[in-house]
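First comes one chain, alone, set out as structure tokens in the form predicted alone.
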Amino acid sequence: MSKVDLKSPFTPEQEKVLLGWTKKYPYTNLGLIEALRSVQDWHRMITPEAASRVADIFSLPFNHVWGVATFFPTFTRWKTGEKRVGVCHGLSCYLKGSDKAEKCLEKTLGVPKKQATPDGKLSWETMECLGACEQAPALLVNDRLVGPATEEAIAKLKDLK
């Protein structure tokens, strides 16, 4: 049983969810990934404080949890918008104009890469290969491929708010 941390970055309900992940899988790291996904969903980022509390709950060293949180691009150390927009920056997408799509995203959303719009609804970032070269430059919205990052597709992102 984990110690109760009065300075936890999580609500009591969130703490219960995290404890549940410690029991669901026979391998700690599987539950850890799911726990970090929950934290990313709740806080839209992983902070060192959150990783530290997850480490306590999983009885793991902080460096292990922080290493997982900083290895996978699905976890961020910057606050994402409620909807995450990604433009692929792999070679095929770069050759097909991902740099132009990035400029268009910045202009359309009005914020630089890795920052959320003032209302917190949208953020955008570049991503390494999305495996969708046929749709280059590929555009992803909340883990769903939406096709090429054309000016028209990017303009429609404002409707997501």
Partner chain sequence: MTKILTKHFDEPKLHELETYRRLGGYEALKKALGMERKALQEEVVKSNLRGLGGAGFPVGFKWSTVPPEDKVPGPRYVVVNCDESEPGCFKDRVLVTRAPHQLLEGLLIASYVVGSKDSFIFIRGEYQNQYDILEKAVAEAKAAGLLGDVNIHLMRGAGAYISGLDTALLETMEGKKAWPRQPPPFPTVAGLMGKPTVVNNVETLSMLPFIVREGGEAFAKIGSAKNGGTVLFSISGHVEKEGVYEVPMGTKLRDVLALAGGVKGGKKLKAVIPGGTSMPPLLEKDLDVALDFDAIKAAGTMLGAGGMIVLDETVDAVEVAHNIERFLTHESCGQCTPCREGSNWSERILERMLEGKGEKGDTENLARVGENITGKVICALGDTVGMVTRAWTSKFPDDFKKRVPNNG
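Positions refer to the first chain, counted from 1. Please read all numbers here as calculations on a predicted model, not as lab measurements. Only the largest set of C-alpha atoms that superpose within 1.5 Å between the two forms is called the rigid core.
This next part talks about the form predicted together with the partner chain, which is not shown.
Participant: Going by a heavy atom distance of 4.5 Å, is Y94 a contact of the partner chain in the predicted complex?
Facilitator: Within the cut-off, so yes.
Participant: May I ask you to check whether K16 falls inside a 4.5 Å heavy atom distance of the partner chain in the predicted complex?
Facilitator: Answer no; every heavy atom of K16 is more than 4.5 Å from the partner chain in the predicted complex.
Participant: Please check if E34 has a heavy atom lying within 4.5 Å of any heavy atom of the partner chain in the predicted complex.
Facilitator: Yes, E34 lies within 4.5 Å of the partner chain in the predicted complex.
Participant: Find out whether any non-hydrogen atom of A153 is located within 4.5 angstroms of the partner chain in the predicted complex, and reply yes or no.
Facilitator: A153 lies outside the contact set for the partner chain.
Participant: Please identify the residue among A132, L122, A50, C104 with any heavy atom within 4.5 Å of the partner chain in the predicted complex.
Facilitator: Residue within 4.5 Å of the partner: A132.
Participant: Spell it out for me: taking the partner chain in the predicted complex, does every residue among P12, E82 and P118 have a heavy atom no farther than 4.5 Å from it?
Facilitator: Result no, not one residue of the spot touches the partner chain.
Participant: Mind listing which residues of 140 to 157 have a heavy atom within 4.5 Å of the partner chain in the predicted complex?
Facilitator: The stretch touches the partner through L140, D143, R144, L145.
Participant: For T117, state whether the C-alpha moves by 2 Å or more between the shown form and the other one after rigid core superposition.
Facilitator: No.
Participant: Quick check: K23 between the shown form and the other one - does its CA shift reach 2 Å or more after fitting the rigid core?
Facilitator: Comparing forms between the shown form and the other one, the K23 CA shifts at least 2 Å.
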